[in-house]
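One chain is shown next in C-alpha cells, namely the form predicted on its own.
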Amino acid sequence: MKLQRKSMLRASALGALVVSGALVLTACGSDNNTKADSTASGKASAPAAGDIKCDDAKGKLLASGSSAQKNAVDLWVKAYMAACSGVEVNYKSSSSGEGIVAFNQGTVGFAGSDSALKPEQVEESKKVCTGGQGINLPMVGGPIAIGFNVAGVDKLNLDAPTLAAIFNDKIKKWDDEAIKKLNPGVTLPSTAIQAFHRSEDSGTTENLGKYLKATAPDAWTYEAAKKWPAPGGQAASGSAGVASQVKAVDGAIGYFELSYATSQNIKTVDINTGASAPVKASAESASKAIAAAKIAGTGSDLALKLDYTTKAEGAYPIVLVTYEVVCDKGNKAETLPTVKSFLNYTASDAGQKVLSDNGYAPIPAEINTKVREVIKSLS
C-alpha cells in the first residue's frame, strides 16, 4: 500500500505532463527514444524553478515540428511546466515540414524546423503574422551520427567522398579499397554494406545532404532535400527506425541524432575532415563546428550558414541546427506571453545547459545573445 501511495503521489506531481494525452511531449512513435531524458550518468538534467521566469505566461501553448529536438524539448517542457503552474506547453514532435505548415496555418505558437524558412514560406507566414513575418531563432544544435554495425570492427574512419559513395550505392563491400585506405591496420570483412536511410521527409536527411553536397560534390550530385534522393539502400521510419536497423543488421550503416546511438550503444563513424585526426561525433565536437556558423538572415531573422567543409581541429562537420520559428510581429495576444517566457528559458544559460548535459550542442554564446534580444522584442 505504501508503494501504491508513493506511485500515486508521484503521478500527481507529474500530472501536468500528460495533458492532452499522446499529443503532449510525444514524438511520432518511430522517433521515440526511450533513454532520451538521461544524461551520461543516467539522470535527467533539469534546472531549479528559480531559473525560469514565468512572467505573464498563461493557458495552453501549442507547438509542433522537428523530431530532432524532441528529447531537448521534453526536458525543457518538464522543467517549465513544473515551475509555471497552470501553464501547458504541448509540443507535437512530427517533422520540420509539418511544423512549418502548422505555423503558417496559425494553429501553433511556434514551430521547430531543422531548416530555415524558405522565401515562399516567409511570404506565406505574413498571412498569420499580422504586420510581421516568420523568423528563425536557432535554439538547438547537434551532431548527425553515422552509426555502423560491422562484426569485428569497433572503430571506423570515413571521409566525405567515401561516405557519399556508400550512401550512393557505389561502394558495396566493407573491404572496399577506399575504406581500407582510411583504416590501416583494421581487418575489414567482405560483408555486404546495408545502408539505411529515412523513409519519410526528414530535416536530418536534408542536413546530411548539405554536408555531402558541400564536401563531396563529385560523389554526391543531388541537391539537399528532405526526401532521400539516392538509389539503393533500405528505408526505415524515423531516426529510431534507422537506428534499430543498424543495431540489428550486420554490415549496416545509417544516420541519426547522436542520442539514438548513445542510448542503443551503436558504434559511430569518426569523420576524416582533413584535420590532424578524424573527429568523433559528440556534443563538444559539434559545438566547435557550429561555432563557425555565420548569421545569414537579416533583421530579426537569425538563420545560420553552417560551414560543412570545416577542417578545424576537433570540429565534427555533420551537424544540424533546429530553429524555433515565430512571428517577429503579429503574434496572438493570448499566446505571446507564454511564447516569450518559454523561449526565454530555452535560450537561457540554464536552458542551454540542458542541451550540453543531454547530447546536444548549445548554440554559441555570441549567436545566443542575439537570440535572447530578438525574443524580448517579439510582439
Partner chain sequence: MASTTPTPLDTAPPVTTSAGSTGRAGDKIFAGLSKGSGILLLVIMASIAVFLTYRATLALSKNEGNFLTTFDWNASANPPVFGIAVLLFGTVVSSIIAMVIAVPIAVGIALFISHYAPRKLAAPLAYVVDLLAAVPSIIYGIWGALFLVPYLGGLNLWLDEYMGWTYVFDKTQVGVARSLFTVGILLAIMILPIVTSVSREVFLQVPRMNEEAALALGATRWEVIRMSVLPFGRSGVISASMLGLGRALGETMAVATVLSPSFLISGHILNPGGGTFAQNIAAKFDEANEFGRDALIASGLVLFLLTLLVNGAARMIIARRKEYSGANA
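Just so it is clear, the structure is predicted and the values come from calculations on it, not from any experiment. Positions refer to the first chain, counted from 1.
The same protein also exists as the form predicted together with the partner chain; that form is not shown, yet it is the one meant from here on.
- Contact with the partner chain in the model of the complex, defined as any heavy atom within 4.5 Å, is confined among 140-148, 271-279, 211-219, 96-104 to 96-104.
- Although the partner is absent here, residue 160 lies well away from the partner chain in the model of the complex, with no heavy atom inside 4.5 Å.
- Under a 4.5 angstroms non-hydrogen atom cutoff, the partner chain in the model of the complex has residue 233 among its neighbouring residues.
- Shown alone here, residue 193 lies within 4.5 Å of the partner chain in the model of the complex, counting heavy atoms only.
- For the chain shown alone, residue 199 is a contact residue for the partner chain in the model of the complex, at least one non-hydrogen atom being within 4.5 angstroms.
- Between the options 168, 245, 300, 183, the residue in contact with the partner chain in the model of the complex by a heavy atom within 4.5 angstroms is 245.
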